[in-house]
Each structure stands twice: as structure tokens, then as C-alpha cells.
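The chain below stands alone and is given as C-alpha cells, in the form predicted on its own.
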């Protein structure tokens, strides 16, 4: 007699993953609604307010774009690093390093925007690359685990930002706490408060997807990540590819910091990263190794963040918002795992398969 069992497959169809993710989100929303109702809140009223404030108004859409911009770049930074089998946990620190470098150019140099803005962009990218340089060389030449080294550098970058914004670069004009003065150069706005860094970030993600899928460099990266020994046997310079990928990853995160300084905040501030580097890891996990999937993953994460701000205006604490975010992501992770399983017929002793 045949019984039903489940077999885990190494890969899952994209349609099945998408379906189970939607189911996971719906289930998590029902759970959240039940908890909020028990706490004395109106789930329907909160849902209407969130939809109107995020997707139903121009201001909400502008906020979504501003949240998406850094998430696109930090998510792409982690994703491209994962293609070769590495984890860049230091996007937060590289974000700060890019922001610091770009701010240094803006504060130290004076000139027209057409000159200073490209210099800030280059400085931001180089700042992120410089911050990941030591973990890169340690991983490529000594095999040091990049997870530990990149993670520890996050705290150094954050403390360096606080030092600069309360010390040599502190705002001596308005006296703002933990902040530099407002920089005179900014990325032009394209729609309301949304700056041109947003479409540039989307184009960068699409360009990365094309590079990884259509070029020899991308092919070697993917082979190096899937089987390093086979890649070396085939003559692929795996060490050089590790260096190039990790530096590219750091540069992307540094560019995100530059965009935040020149396009959104317009100054260097302590805590300005807002965990965008760490959330980039979540975006990369949701993207499942695809740069193109970074775009919808960043949109989902931005929507969650924007919804959290709306709920805080309704007297919900930051801890509750964090718990809600964690539940949604946890349910999505369960859906992703279930997508790998399929039912198979298991034959009992003496039976025959049909």
C-alpha cells in the first residue's frame, strides 16, 4: 500500500516560491490583525491608514522610493557577494565609510555641483571599497572568514561617524547634535523629494544582473561560487574574482551611503544608516541570489519600514513594529522552505508503486 511522503528538492520553481510567499504574507497579516485586536486596536482602521499613507498618497510613495534607494544598493552588495559563495555582513560599515568619504569631499572642496557631485560619488564608492579591503585580502590570501571581519568593521565605522559628527566635523552653525553642517551639494530631485539616485540605483541593479548572466566575468563568478575547486582546475582565477566581487560589493554599499548623504539627509549624522546595511542582508536573502529579485525584495522591505512608521503614529511601540517585521519575514522564510518540498508516493513493504 502506498503512503504519501515529502521529498526536499534542491531547487524550487519560481512560481511556487512566489505563491507560498504570498500565502505566508497573508497568514502573517491575519496573525498580526488578531494580536492587534486583542490589544485593543482596530486592524481594519490600521490597514486602511497604512495603505493610504504608503501606497495611496504621493507622500507615501516618495517615502517608499527613499527607503528603496539604499536597500537596492545594499541588497545588491550582499547578493553579488553571495554569487561567489561569500557573505558581506559589513554593508552597514561600508555604507558609513561611503557617507564619510562623500561628506569629506563636500565639506573640504568648493565648486559647482557638476564638479563636486561626481567627486562625491567616486569618493563614496572608494570609501566603501577601502572599508572592505582588509576583509577582502584576508579572505583571498589567508582564508579568514569574511563574516567575522566585515561584521566587526561595522561597529568601527559607526563609532567613527559619531566621532566625526561630535568632534572635528560637528555642526558649528546650527549646533545640531551628532551631525555635520548641511552640505551645499545635493543630488537633484526628480519627483517631489525623490532624487535621481533612485532610478540610478535601479539601473545599477539591472546592470549587475546583466553582467552576472551575460558576461564571462559573471560566468566565472558563478562557477567560482558553485565549485571553487572545479573553477581553479578550469583555469579561472578564483582569488582575483573574490577580490573583484568583494570590492564591488563594498563599492555598492559605499555608493548607498553617498546617495543618503547627498540625496536624502544632506549631512553626515550619527545613526544615519538606519540599519540599511543589515536590512540589505534580508533583501539579499529574499532575492535568493538574483539581482533582478533585489528590486521587488527591496520594495517589500521598504513597504514594511514605511508601514512601521505609520503604525508608530498610532501609539504602537518600536518593539511591536520590530516583532511584526520579524513575524512577516519568518513566515516568508517558512514559505521559501516549504516550496522545496513535493509529495511523493512511498511504497509499503510488499507493495508496488503505481
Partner chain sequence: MNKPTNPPGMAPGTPPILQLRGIAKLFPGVVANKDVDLDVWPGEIHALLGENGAGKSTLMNVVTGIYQPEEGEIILDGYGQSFASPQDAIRAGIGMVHQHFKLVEAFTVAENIHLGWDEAPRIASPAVMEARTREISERFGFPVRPDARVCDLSAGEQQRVEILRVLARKARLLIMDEPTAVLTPEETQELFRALRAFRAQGNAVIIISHKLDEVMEISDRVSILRRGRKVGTFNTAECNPSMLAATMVGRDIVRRNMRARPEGAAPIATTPIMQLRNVSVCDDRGVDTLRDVSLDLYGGEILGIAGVAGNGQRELTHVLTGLMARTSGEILLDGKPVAHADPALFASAGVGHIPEDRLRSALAPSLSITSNMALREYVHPPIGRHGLYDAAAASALAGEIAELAQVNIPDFAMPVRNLSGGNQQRLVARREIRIASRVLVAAYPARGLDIGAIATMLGYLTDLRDQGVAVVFISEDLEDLLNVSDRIGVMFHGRLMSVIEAEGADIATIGMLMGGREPTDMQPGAAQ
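Positions refer to the first chain, counted from 1. The model shown is predicted, which means the values in this text are computed figures rather than measured ones.
The next section is about a form of this same protein that is not shown, the form predicted together with the partner chain.
Next on the checklist: Tell me which stretch of 181-189, 210-218, 264-272, 74-82 has a heavy atom within 4.5 angstroms of the partner chain in the predicted complex.
Outcome noted: In short, 210-218.
Checklist entry - Though the partner chain is not shown, can you say which of 160, 206, 137, 226 has a heavy atom within 4.5 Å of it in the predicted complex? => result Looking at 160, 206, 137, 226 one by one, just 226 meets the 4.5 Å heavy-atom criterion.
Item to check | Interface membership of residue 170, the partner chain in the predicted complex, 4.5 Å heavy atom rule | outcome: Flag for residue 170 set to no.
Checklist entry - Hey, in the predicted complex, does residue 175 get a heavy atom within 4.5 angstroms of the partner chain? => result Output for residue 175 is no: heavy atoms all beyond 4.5 Å of the partner chain.
Next on the checklist: residue 235 versus the partner chain, in the predicted complex: is there a non-hydrogen atom within 4.5 Å?
Outcome noted: Yes.
Next on the checklist: Can you tell me if residue 195 lies within 4.5 angstroms of the partner chain in the predicted complex, counting non-hydrogen atoms only?
Outcome noted: Residue-level check for residue 195: no, no contact with the partner chain.
Next on the checklist: Within 4.5 Å of the partner chain in the predicted complex, counting any non-hydrogen atom, which residues from 88-127 show up?
Outcome noted: Not one residue comes within 4.5 Å of the partner.
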